[in-house]
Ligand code: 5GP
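Form predicted on its own, single chain, as structure tokens, below.
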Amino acid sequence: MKNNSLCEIAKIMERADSLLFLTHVIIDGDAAGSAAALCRVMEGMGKTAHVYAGEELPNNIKFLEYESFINNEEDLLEEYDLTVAVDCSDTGRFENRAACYDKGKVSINIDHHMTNAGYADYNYVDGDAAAAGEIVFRLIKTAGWDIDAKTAEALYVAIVTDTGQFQYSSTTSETHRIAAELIDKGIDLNTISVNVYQSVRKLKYILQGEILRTVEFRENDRFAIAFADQDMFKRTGSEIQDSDGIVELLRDIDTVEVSAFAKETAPGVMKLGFRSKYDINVGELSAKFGGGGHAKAAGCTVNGGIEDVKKAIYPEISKLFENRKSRS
């Protein structure tokens, strides 16, 4: 893959009069914040710009949404000068938004997932970046574009959520310097914290209790996995987004080195998230099932139900721990 420079990416965006920003499905803070920031900057330059979310934003980041976020495909323009994908490791992450990606005469891919092979006309992929928002910040600074308080807020949310509040090993001194500069733009940290971390729906806790009853431990308690199917969401009256955070909760158990959470997002479709504490690369594990991500945070899809997930994942988990044992 040829990685274009940030200067090249900036010039292409500056030449476009209309831009469509696309995020991955099951949108998170990094995707929403990065897209919102770039959209605001382009609008500030007098351009027509939209973010196509294609779904409701989770409650904790809904405050980032504004009038340029479009959820209905029919409300989009027939054609855009440029489509920009942010935080999407491959085109499969668009799922039902693939046709929208093709609305652009030219395409750009901005991402921080190491498995991204470059699928756009122009690509900027930095697997060492802590978040897509970190790359977007560097792009804006390289181009000399303005960052107002609302843009800074969106970028801060992108970075703080994808670094686990600056806890993940992907966090660097540069990450903290960027955060400091964004804070200096006048963002309201209390408002961000209350929205992102202190506005949990009661139904989320009800669902969480159900999910935790499904936890299975393997590999001498070094691996933990939990499950949620469509029936569980219906029974508790919760939504899929209410299951966010389970995989991190399992990872935080003292004996656990690798955690996983499998949720049924559609009948017979199980989406898995993996987290790793130490040296086991869950990005490589996810890639075996057509997914991807980072060494310590990744995901994939397995067709079938909970038992199909177990049959597919458990042997691979055993191999990972056996291979590590043989290397030591």
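Computed from a prediction, not measured in an experiment: that's the story for all the values here. Just count from 1 along the sequence shown to find any residue number.
One more form of this protein, predicted in complex with the ligand, exists but is not displayed; see below.
- Within this chain, C300 lines the site of the ligand in the predicted complex, having a heavy atom no more than 4.5 Å away.
- A residue is said to contact a partner when one of its heavy atoms sits within 4.5 Å of a partner heavy atom; P58 fails this definition for the ligand in the predicted complex, lying far away.
- In the predicted complex, the ligand stays beyond 4.5 Å of every heavy atom belonging to N109.
- When contacts are judged by a 4.5 Å heavy atom cut-off, G273 counts as touching the ligand in the predicted complex.
- Residues within 4.5 angstroms of the ligand in the predicted complex, judged by any non-hydrogen atom, belong to 85-93 and to none of the other stretches in 206-214, 85-93, 233-241, 151-159.
- When the ligand is considered in the predicted complex, only one residue from H113, R222, K103, R251 comes within 4.5 Å through any heavy atom, namely H113.
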